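One chain follows as structure tokens, the form predicted alone.
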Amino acid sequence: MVRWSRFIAFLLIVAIIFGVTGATTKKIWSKIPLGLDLRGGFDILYQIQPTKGQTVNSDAQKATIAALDERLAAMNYTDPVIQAEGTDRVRVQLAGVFDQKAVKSALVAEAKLEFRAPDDKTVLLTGKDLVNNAKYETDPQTNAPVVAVEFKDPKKFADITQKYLQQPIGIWLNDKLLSKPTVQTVIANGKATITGMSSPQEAIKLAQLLNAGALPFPLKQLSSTTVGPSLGESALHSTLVAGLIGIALIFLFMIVMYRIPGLIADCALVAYMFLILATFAGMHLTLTLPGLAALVLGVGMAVDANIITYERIKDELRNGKSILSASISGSRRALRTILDSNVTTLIAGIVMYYYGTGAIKSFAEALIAGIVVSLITAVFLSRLMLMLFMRSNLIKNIKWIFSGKGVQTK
């Protein structure tokens, strides 16, 4: 007797998979950050230079990475990839950014700001005394560009303005005098403006550098690579076409070899691809060419899991079990083999992620995500759908379900 409730549940899962995938995939894809090789941009490798009394170690690398990240954030560059390499190098990747000269200049530029006494030698305050909120403004009287700054210790600034009342205080940037205003009144709120910039762009850049702070160590550029936007787009298109052709062939293979269970495996693969894209978008993982290769590899692993399961079920059918009984025991026997295979690959992925850099790390990220999602879809989801279909008793003819030498059912 046909159990329609099981078959309707099966159809409902299929409808949810295809409905959600079709309705949301485009939006999810647009949220996945693409790497340098898929979007274009540039890559710079810096070597951290030791300074007098300081050596370059892992703490120096972390401090340099934090300073570079802060500088890029201050300049509104989103999704930079800044990674430590070796013991004294830092790699910066900016996808979708092509003005390499401007970024290079901003990354290593110094903003040594000093407020000096009338003798032009005594340093009263530096950029380290500023609150991280410097911003570009225009002078209401002259309309000239200025940078508004605020000091962390208003009392300290008030004492200085009290001491040097009616005297000039020099504002120096990288040992260059910007302006030398005369203190007209005691400033108690710790707020001041820096004048002397020739253009709004110069004022904006100074505000960004002041907010980003100084680099803890000087940097030496070792290499620089640029990927053009058309080259990145071409690579993405070629990879997607190759991936879609490969996946279509896998779908066809599963249907030809395993018929209705093959179709069920294909539905689980659709769920796998949707969930892996959602994982990348949700975790804000950057997708690169090696990452795409790992995702396609994950499709193969998901197919392997289904093939192992179906071959175990066929073994049970050859032993004379019923379709339902063979499906239950075959799935159970296959689970151990699938888990062993995935766990060993997962360990390899974790090792690559821990010790790898750049493309290797990107590949490892995609591989680990692919294994986890593959276990969810190719094992548990596929098995659930197969059991619902088998328990529905909709198909009686074994030829529509499994075939092969010696396969028979009661």
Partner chain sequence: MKFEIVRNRKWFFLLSGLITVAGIIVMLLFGLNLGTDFVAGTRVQVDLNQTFQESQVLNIFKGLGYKVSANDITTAGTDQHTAVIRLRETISTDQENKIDDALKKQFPHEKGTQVDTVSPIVAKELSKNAFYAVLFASVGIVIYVAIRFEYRFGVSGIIALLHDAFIVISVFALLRLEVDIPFIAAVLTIVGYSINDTIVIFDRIRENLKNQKVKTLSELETLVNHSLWQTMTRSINTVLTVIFADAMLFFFGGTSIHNFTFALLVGLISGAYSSIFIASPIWVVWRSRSLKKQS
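Positions refer to the first chain, counted from 1. Just so it is clear, the model here is predicted, and its values are computed rather than measured. For clarity, a rigid core is taken as the largest C-alpha set superposing within 1.5 Å between two forms.
Beyond the structure shown, there is the form predicted together with the partner chain, which is absent from this document and is the topic of what follows.
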Quiz prompt | Segment assignment from 235-243, 140-148, 126-134, 197-205: heavy atom within 4.5 Å of the partner chain in the model of the complex | solution = 235-243
Quiz prompt | the partner chain in the model of the complex: contacted by all of K101, R336 and T345, heavy atom 4.5 Å | solution = yes
Practice problem: Have a look at I307, M75, I260, A278 for me and say which one sits with a heavy atom within 4.5 Å of the partner chain in the model of the complex. | Solution: I307
Quiz item: Only one of M283, L177, A188, L249 has a non-hydrogen atom within 4.5 angstroms of the partner chain in the model of the complex; which is it?
Solution: L249
Practice problem: Give a yes or no for A67: in the model of the complex, does one of its heavy atoms lie within 4.5 Å of a heavy atom belonging to the partner chain? | Solution: no
Self-check item: Exercise: V351 in contact with the partner chain in the model of the complex, heavy atom 4.5 Å
Solution: yes
Practice problem: Decide whether R89 counts as a contact residue for the partner chain in the model of the complex under a heavy atom distance cut-off of 4.5 Å. | Solution: yes
Quiz item: Does V296 reach the partner chain in the model of the complex if we count a contact as any heavy atom within 4.5 Å?
Solution: yes
Quiz item: After a core superposition, would you say V103 shifts its C-alpha by at least 2 Å between the shown form and the other one?
Solution: yes
Quiz item: Honestly, after the rigid core fit, is T345 moving at least 2 Å at Cα between the shown form and the other one?
Solution: no
